[in-house]
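Single chain ahead, by itself, as structure tokens, in the form predicted on its own.
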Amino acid sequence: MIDRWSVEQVLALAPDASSATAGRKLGVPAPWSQTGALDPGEGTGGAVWGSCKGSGATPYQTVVDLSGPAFKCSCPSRKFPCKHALGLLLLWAGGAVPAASTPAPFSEAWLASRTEKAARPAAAARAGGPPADPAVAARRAEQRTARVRDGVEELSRWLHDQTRTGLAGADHAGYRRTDPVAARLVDAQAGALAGSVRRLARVAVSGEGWSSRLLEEHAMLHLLVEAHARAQELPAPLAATVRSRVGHPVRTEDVLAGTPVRDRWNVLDLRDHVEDRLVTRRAHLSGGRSGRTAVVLSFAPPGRPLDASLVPGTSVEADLHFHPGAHPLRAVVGTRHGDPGPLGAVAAETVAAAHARWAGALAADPWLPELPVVLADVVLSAPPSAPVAGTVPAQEGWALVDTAGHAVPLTGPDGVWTLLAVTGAAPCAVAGDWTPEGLRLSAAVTGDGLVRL
């Protein structure tokens, strides 16, 4: 029997806040009929279905494959999952969906196709696909390498020009200064490097002290360009890091061919980021036995479905395969050993240990923008000027302090009030991303489970 999800787990799937609100409104029995829930069994990973009365004469038919999860609804919404799927899952989470022994007729065909699709890769692997022409593959790889090299060399010349002419006025230039360079890097198939160049425009308008921060960003880009030119001389893990920071792709098949790390992986955070007409979903995982940290990324154009199989507040026994690099952090989920379950024991560390780990990570990968961490037994420390009852607190200066008295500043007030509300200022484990500016809150691990901040 599959464990019912929590409300928090369901709402974590919402593509935006308005969908979560609309889903909550539909998470009541009134608009639903023909509902049912099927436990995992022969050929199925568990499913929930139902018909939801909408504004038209015909109810919307909604089906959720819990093993993905994957969603199907007859409504015209382009959001994924739609409010009906969220409402149905909330209804199921509340125990208002009856168990069934067979799927409803309107859900049978789709669930059967899901089962068939899941079995297809294994069958294909057993049969063995046609081998790619190695000569053609090698020629394409050489062409791409040459294009990337040309793009990096052009960026090097641009950086030298910027240094020679100075950065004055960059805070008023907007994206006109960086967009042409970034576009040429995209053409050169150095997408990661293009993103770094676009960030320069945002740094230039980041407020007081922008010139120092912009100079630092230019220096890091120069370091990356020089490292890429000498990649053949670098140790293999560092060379792999440099290539990934520039944008050289790594085939998922090659990553999956590496040695897996099996563990009970707790899913602590899931966030979407939209940039350049691409949505990036980032999941923070922590190994229950190994204490190892992993980041799983998935990508899709806006409006298209992303991988929703990793739900915050759950854990899954699985093999993770890490991308090569000097500080392996990004991973691909390989074989899953069983269904997801509730959150397990979460490995946490002191502020000093996390700081030391951040230093070590930067020594290995100087371009690392953030490091997921879980801090043990920390409490909020308010800004000096706030807060007392009835006053408006300061928006900056918050920090987390552990039992040893070591503190880490927060990057901003986001999540502070939720953390105060759920902990009552009592010590608890807090997950977040350690960045050069401080810690960005993502979740609190309390006795009642995971609370996203």
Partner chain sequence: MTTPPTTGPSAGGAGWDALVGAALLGTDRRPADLSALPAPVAAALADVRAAVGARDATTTLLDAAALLTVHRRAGRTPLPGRTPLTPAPTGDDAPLPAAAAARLGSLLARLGPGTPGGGEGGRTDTLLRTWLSLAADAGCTLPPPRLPALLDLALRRDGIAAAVAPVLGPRGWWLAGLRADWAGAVEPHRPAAPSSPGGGPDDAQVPDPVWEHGSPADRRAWVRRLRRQDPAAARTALLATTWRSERAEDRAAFVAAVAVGLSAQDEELLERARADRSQDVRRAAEQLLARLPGAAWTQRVHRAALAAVHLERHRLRRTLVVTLPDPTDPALPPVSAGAAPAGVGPGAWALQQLVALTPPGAWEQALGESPERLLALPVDGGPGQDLHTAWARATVLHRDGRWARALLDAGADGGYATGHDAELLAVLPPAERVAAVVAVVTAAARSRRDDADDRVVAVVAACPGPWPQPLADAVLGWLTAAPRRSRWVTHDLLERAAHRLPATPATADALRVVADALPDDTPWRSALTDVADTVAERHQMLEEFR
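Rigid core here is just the name for the largest C-alpha set that superposes within 1.5 Å across the two forms. The structure displayed is predicted, hence computed values, not measured ones. Residue numbers count along the first chain shown, from 1.
Beyond what is shown, the protein has a form predicted in complex with its partner chain; the following relates to that form.
Engineer: Would its partner chain in the model of the complex be within 4.5 angstroms of a non-hydrogen atom of every residue among Asp39, Tyr60 and Asp65?
Structural biologist: Not one of the three qualifies.
Engineer: Which residue, Glu216, Asp339, Asp187, Glu154, is the contact with its partner chain in the model of the complex, using a 4.5 Å heavy atom cutoff?
Structural biologist: Contact with its partner chain in the model of the complex is made by Glu216 alone.
Engineer: Do Asp150 and its partner chain share at least one heavy atom pair within 4.5 Å in the model of the complex?
Structural biologist: Asp150 lies outside the contact set for its partner chain.
Engineer: When the contact criterion is heavy atoms within 4.5 Å, does Val408 count as touching its partner chain in the model of the complex?
Structural biologist: Yes, Val408 lies within 4.5 Å of its partner chain in the model of the complex.
Engineer: Quick check on Gly166: any heavy atom within 4.5 Å of its partner chain in the model of the complex?
Structural biologist: The answer is yes: Gly166 has a heavy atom within 4.5 Å of its partner chain.
Engineer: Using the partner position in the model of the complex, report whether Ala356 sits within 4.5 Å of its partner chain, counting heavy atoms only.
Structural biologist: Result yes; Ala356 sits at the interface with its partner chain in the model of the complex.
Engineer: Only one of 341 to 349, 328 to 336, 81 to 89, 157 to 165 gets a heavy atom within 4.5 Å of its partner chain in the model of the complex; which is it?
Structural biologist: Contact-bearing stretch, as computed: 157 to 165.
Engineer: Residue by residue through 408 to 429, which ones have a non-hydrogen atom no more than 4.5 angstroms from its partner chain in the model of the complex?
Structural biologist: Going through 408 to 429 in order - heavy atoms within 4.5 Å of its partner chain in the model of the complex - the hits are Val408, Pro409, Trp417, Thr418, Leu420, Ala421, Val422, Thr423, Gly424, Ala425.
Engineer: Superposing on the rigid core, do we see a C-alpha displacement of 2 Å or more at Thr35 between this form and the one not shown?
Structural biologist: Superposed on the core, Thr35 moves its C-alpha 2 Å or more between this form and the one not shown.
Engineer: Rigid core fitted, then: does Thr435 show a CA shift of 2 angstroms or greater between this form and the one not shown?
Structural biologist: Shift at Thr435: below 2 Å after core fit.
Engineer: Quick one: core overlaid, is Ala22 moving 2 Å or more at the Cα between this form and the one not shown?
Structural biologist: Result for Ala22: yes, a 2 Å-plus shift.
Engineer: Knowing the Cα distance between Val416 and Ala22 changes 3 Å or more in the model of the complex, does it shrink or grow relative to here?
Structural biologist: So the answer is farther.
Engineer: Are Ala421 and Leu11 closer or farther apart at their Cα atoms in the model of the complex than shown, with the shift being 3 Å or more?
Structural biologist: Relative to the displayed form, Ala421 and Leu11 move farther apart in the model of the complex - a change of at least 3 Å between their C-alphas.
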